[in-house]
Each structure stands twice: as C-alpha cells, then as structure tokens.
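Coming up is one lone chain in structure tokens, specifically the form predicted alone.
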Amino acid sequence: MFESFDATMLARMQFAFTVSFHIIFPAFSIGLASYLAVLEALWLWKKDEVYLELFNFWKTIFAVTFGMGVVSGIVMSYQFGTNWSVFADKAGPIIGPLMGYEVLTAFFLEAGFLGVMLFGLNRVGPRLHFFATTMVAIGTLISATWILSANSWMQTPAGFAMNGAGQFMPVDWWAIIFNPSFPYRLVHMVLAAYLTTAFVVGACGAWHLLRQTAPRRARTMFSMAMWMAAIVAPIQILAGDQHGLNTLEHQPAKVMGMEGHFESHPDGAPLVLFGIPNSAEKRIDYAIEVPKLGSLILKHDLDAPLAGLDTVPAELHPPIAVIFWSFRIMVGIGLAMLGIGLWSLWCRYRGTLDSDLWLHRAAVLMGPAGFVAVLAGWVTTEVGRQPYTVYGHLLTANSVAPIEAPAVSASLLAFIIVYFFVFGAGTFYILRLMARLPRDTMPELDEGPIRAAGVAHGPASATSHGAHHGL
C-alpha cells in the first residue's frame, strides 16, 4: 500500500494523520470551554434556568471531547522519539521545555478543576463552581498559547544559538516564546476555535429548531452562536490578513505557493482565484485571476512589486498544489462563515432568526465547516514550511530518525485502523449526544395554551398532555 514512499514521507504522513485527528478536538474544546463559562455566567447573572440546562447539555459533550483530545495528543509525543529522534535531539532544548510548560501550567490547571466543573455544582456552590469552569476555560487558552509558541518557533525561529553538536540552544527565552509569528498565529487559531465551536453550537440549535425538539433552548443556543459568527468572522478575516502579511515577511516562499505566483511581478501581482498549479511548467493552468489585486492585498498597493518562486531555488519550494488548494478551502469557508453571520443579522433585524428555515438548514450544513477550515489552515501552515522542520535551519530530510520504511508503514496502517475505529466511535457518540437535547420543561407562551383556562385535567386530557410532551 505504501511501497512507493520512503521513510521520511511515511513519517510525515503518519504525523499528519495523527495531528489531523488530534487538532479537531482541541479546536472544539478551546471554544466550548469558553462557551460553558459564558453560559454559567449568564445563569448566575440572569437566573434563567435555560442557561444552566444548556451548560449541563454541553458539559457532557465537552468532557468527551476533552478526553479524546488528550488521548490523541499523547500519540504525537511518542512520534518525536520513534520517527523524529534527530529533530528531537537537535530542537529538544527549545521544544522540550515549551511543551513541558504546557503540561505544568495548562494541563495541570485543567485537570485540577475539570472534576469540579463536571460534578461539583451541588457540592461546592454556584460561585466556586463558576470559578472552576473559568479556570478550565483559561487552561485551554494557556495550552493553546504554549503549543502555538512551540510551533511558531519552528516557523520563525528566534532567540537561539547552535552548539557544536548542531543543537538549537536557548539564548533568549522571551524571543523564543514571543517569536515573530507567534502573536498572529495565536490570535488566528483561538478565533478559529471560537468560530468552530460557534458553528457546531449553531448547527445543533438549528437542527433542533427544524425538528421543534426544544424550541426554547434551541433558540437560545442558536442566537448565541449566530452572534459569535457575526462578530468573530470579520475579526478573523482581519487577523488572517495580518497573519498573511507576517508570513510574507518571514516565509515568502510559502505565500508565493499559496498565491500561485511562479513568476515575479514587478508592476503589481494578480490575485489568482482558481486554477491548476503546474509545478513542472511553473505556471497556473486555466487561471482565473484579478489583475493587481494580489499586490493590493499583500502590499496594500496596486502597483507594488511581488517576488515569485522564480527567485527561490527549486529544491526549497514547498508542495505548491497542496498549499494552493488548502489555502483556498480555508478562505472560502471563512467567507461562507461571514455570509452566515451577515445573514443572521439580517434575519435578526427582521425578527425571523427563529423561523427562517433556509438559514437553519444552511447553519446545519455549516456545522462541520470550522473543522475543515482548521485542517486546511494547518495543512497550509505545515506543508508550506517544507522542506524545513525548523524554517531556514533544519531540513525535514535531516530530521527523521534512522528507521526503515516498512516499519513506519506498518505503524501508519495500524494508526489508520485504530483511529478510525476509536475516534469514529467517539465522534458518533458526540453526535448522538447533540441529537438528544432534552425537551423544554416549561411550555412556551407563544406556543399557545396546552388546555383551556379553568378546565381541570381528566383522564383524556392527561393522556393528551403526556403525548404533547412525548411521555
């Protein structure tokens, strides 16, 4: 099955496979932890039980997601020793402490308060319980901070010196942690996590609005999700633009590949909307492009010159076709999210947010969009860094462990089988939990009276009332 790949490519495929499964869970749990904190804060503030009911509903889903994220993350750590031991040896003095700080701060914080959040409301009281929920949410953000710092250092290394053994030795930890791309990538990733969660919550709310399962709770979660989409989507587009400008400064070859600029453009570069990258001929076939718009976006000047891949040695080109399309998938989904957010604002203005069936159907379809966008963004980031593991300093080919291809292919095949079974079952269980939103306990005033005023329940009326509530 993998006979045509060498050990390095198989090791890359294995890490890409495992990290793709892993990242969808933190992307969801980061946003969901903050959402739980907001729900509990609203319950304490407004004394409306619907927020507590939604908190308890999403709390269970968070627990399953958190557990799957932890398990899938452990596997990647082992791969540093099995498949990437040379990278671990050379970059370990920097990457190791950063990942250790994540465990010592974020993971311990989350683990310490998670049990209180899940089981302690009736034991510690509402205010202390809210403090525990807030600590879990902060822990997820701290975790993202350390992991993004480590990964960003691999993209834009700083604050180090090389010793005689070829190892990256820390010289300035502030420069290492707050490396040039870190602030942009942290903001971009956290906003992506919030949008991912917003569209999952929105899809769940829209699904139950369409089914009329629990209109009161469904309306609340759908409204909250659409507010998040309307507010965060445009901010994310702005953050992505700033991240792109930072990438152009520090990793120009990545941006050249993303934009499909094989040739330099001294008088303004076009924005290539679509096309088929042809790396052999170094051009974009069947290109659909807008003249000079690329320079306007990247340099904020229609006539600004932009260098192309013809200025970079061919052996240092990233895989153009992969990042060209992954970038467009990410951007396309981001624009679709913006569209849903604007649509929801229009419906909210017209008073049809709870009744626009087409908006609800669109929201259901957009439920998994955040995960796809996160995966596409990470593919763009990581594949665009090639052929380096530490950009500009350590080649991927020089980072892999001295292993044979058959050994890696066997473990990769095992991962594929086990992951699809275990995490497929976990994902199915989460979807089942989302589909089982308990029915509203109190009738809605706008649904009309269940019975005429002043008429006592007889046997027939009691039977009808029970049927109304699905008993």
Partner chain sequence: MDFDLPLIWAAIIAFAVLAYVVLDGFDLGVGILFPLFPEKHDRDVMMNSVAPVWDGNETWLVLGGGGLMAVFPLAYATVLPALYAPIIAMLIGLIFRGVAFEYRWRTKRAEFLWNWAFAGGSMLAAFAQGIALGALVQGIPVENRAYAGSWWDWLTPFSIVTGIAIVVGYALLGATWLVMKTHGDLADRARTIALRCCFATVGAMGVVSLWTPFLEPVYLQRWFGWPTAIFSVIVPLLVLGCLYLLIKGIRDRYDAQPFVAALGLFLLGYIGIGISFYPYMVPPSLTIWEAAAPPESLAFLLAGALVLVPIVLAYTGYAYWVFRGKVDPEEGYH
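Numbering follows the first chain given and starts at 1. Since this is a predicted model, take the numbers as computed values, not measurements.
This next part talks about the form predicted together with its partner chain, which is not shown.
Shown without its partner, this chain lists F130, F262, F80, Y391 as candidates; in the predicted bound form, only F80 has a non-hydrogen atom within 4.5 angstroms of its partner chain. Taking A397, L104, L238, A314 one by one, only a single residue has any non-hydrogen atom within 4.5 Å of its partner chain in the predicted bound form, and it is L104. By the criterion of a heavy atom within 4.5 Å, Y184 is excluded from the residues contacting its partner chain in the predicted bound form. Proximity of W45 to its partner chain in the predicted bound form: non-hydrogen atoms within 4.5 Å are absent; the residue sits far from the partner.
In the predicted bound form, its partner chain lies within 4.5 Å of some heavy atom of V124. By the criterion of a heavy atom within 4.5 Å, V50 is excluded from the residues contacting its partner chain in the predicted bound form. Comparing 288 to 296, 342 to 350, 217 to 225, 169 to 177 against its partner chain in the predicted bound form, the single stretch with non-hydrogen atoms within 4.5 angstroms of it is 169 to 177.
Looking at 105 to 137, the residues that come within 4.5 Å of its partner chain in the predicted bound form, counting any heavy atom, are T105, F107, F108, L109, A111, G112, F113, L114, G115, V116, L118, F119, G120, R123, V124, L128.
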